[in-house]
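Consider the single chain below, provided in structure tokens and representing the form predicted alone.
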Amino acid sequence: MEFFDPSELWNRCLQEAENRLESTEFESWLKNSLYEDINGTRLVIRFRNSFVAGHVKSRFGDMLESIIRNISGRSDLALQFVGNPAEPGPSTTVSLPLGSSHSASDYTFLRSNYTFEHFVVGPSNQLAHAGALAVSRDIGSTNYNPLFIYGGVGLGKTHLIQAIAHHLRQESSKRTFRYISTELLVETFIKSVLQNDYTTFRKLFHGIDYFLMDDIQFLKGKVETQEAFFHRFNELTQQGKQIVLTSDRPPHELPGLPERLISRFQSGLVADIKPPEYETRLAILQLLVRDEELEVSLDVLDFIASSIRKNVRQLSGVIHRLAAMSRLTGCKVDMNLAQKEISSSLGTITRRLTPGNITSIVAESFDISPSQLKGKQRKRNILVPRQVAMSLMRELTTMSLMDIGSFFSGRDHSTVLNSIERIKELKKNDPELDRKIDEVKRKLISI
């Protein structure tokens, strides 16, 4: 039986669905969906929130499963639709209904292995982990309230905030909590406005010791929700309740939020999570392999850890997919299979990125023109952005040093290598440049 790469299978499914549906339907509900995992014979597909995932399941679920089965030739394949902050995986999930002793949203799920025991601590996440562990033991500590954890995509923010929830569920004191996504908070507020009944919204904050919310950056532009949340935030802190928030950037870089809200986010402990070091990545892989009960040699794990350097979720995804391939096909997880999977996984981003759009976004961010980036000038305001562009091409694409040099007006590979090393050094000593490069990367990955 032919075996399809699950990610490619979902992309083909989307292409067929686009042909069958009205363009507005496809754009609104399916276009931005992503394949994330395979759980047995179920492909796990992520949507921007639980409402969209539920709508797709009821409206298009049968059609999409039929397409998947026809394309793959496998009648046993099924689809599982999830929305943030649900985290799919081979482990079971726990649903916590509104109003339970450890209450959470009707649509919120905790992934069972997102615990402190399954979190690998390293220099890149040590402060955030210590803060999360501390607040899980001490309600409303003056020094750590709120706890604000920020970092890039897939680095472990959701893992830590869910670990706090798991700790509270398992302890004997029965402290209560609410764990939701910011998008669900906004949806609940909008429904309250439409129904002119704010009871459900207020219940989100009542009768709890901890308020845990993911992705606070999505409050951008939601002025009325911001106002309502501001007052609830003040009430919780005045009552000595613990607040934990996560974001993709530090408070002072959150756009579209009022200063009074940002200042409150900064009043406790602000802790960042950076991309993990090699040793941390290797330890994460070893934990994942153990959980999957896989036999994988150290040289294969070394290859994966060396190939995926910026995203813990990608590490997890690769191991889950390798385990699924091994179970479904009976093949051994060796270097050849790992290389194919890494090529497929990294290719998802590299196929979207070209030297042209990288230079375009870098030039825009540094307020110069793309032609200046590719030119011969060596003024600092042009040289540093050029080196940034070279560094990002090396990191985010499969281009060789020679290819990158050729794109930049025929420079040799040693010049490119020196530029990459130079940017590494500058980032260590220039936090502003480091933040700017992270912002450029966020724009590029969202293309």
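Just count from 1 along the sequence shown to find any residue number. What you are looking at is a predicted structure, and each value in this text was computed from that prediction instead of being measured.
Although it is not shown, the form predicted in complex with ligand ADP is what the next lines describe.
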Heavy atom distance at most 4.5 Å to ligand ADP in the predicted complex, all of Leu155, His159 and Leu287 = yes
inquiry  = If contact means a heavy atom within 4.5 Å, which one of 198-206, 305-313, 225-233, 354-362 is the stretch that engages ligand ADP in the predicted complex?
reply    = 305-313
ask   = Just to confirm, Arg327 within 4.5 Å of ligand ADP in the predicted complex by heavy atoms?
value = no
key: is_contact(Phe119, ligand ADP) in the predicted complex, heavy atom dist at most 4.5 Å   = yes
ask   = Tyr114: heavy atom within 4.5 Å of ligand ADP in the predicted complex?
value = yes
inquiry  = At 4.5 Å between heavy atoms, is Ser181 in contact with ligand ADP in the predicted complex?
reply    = no
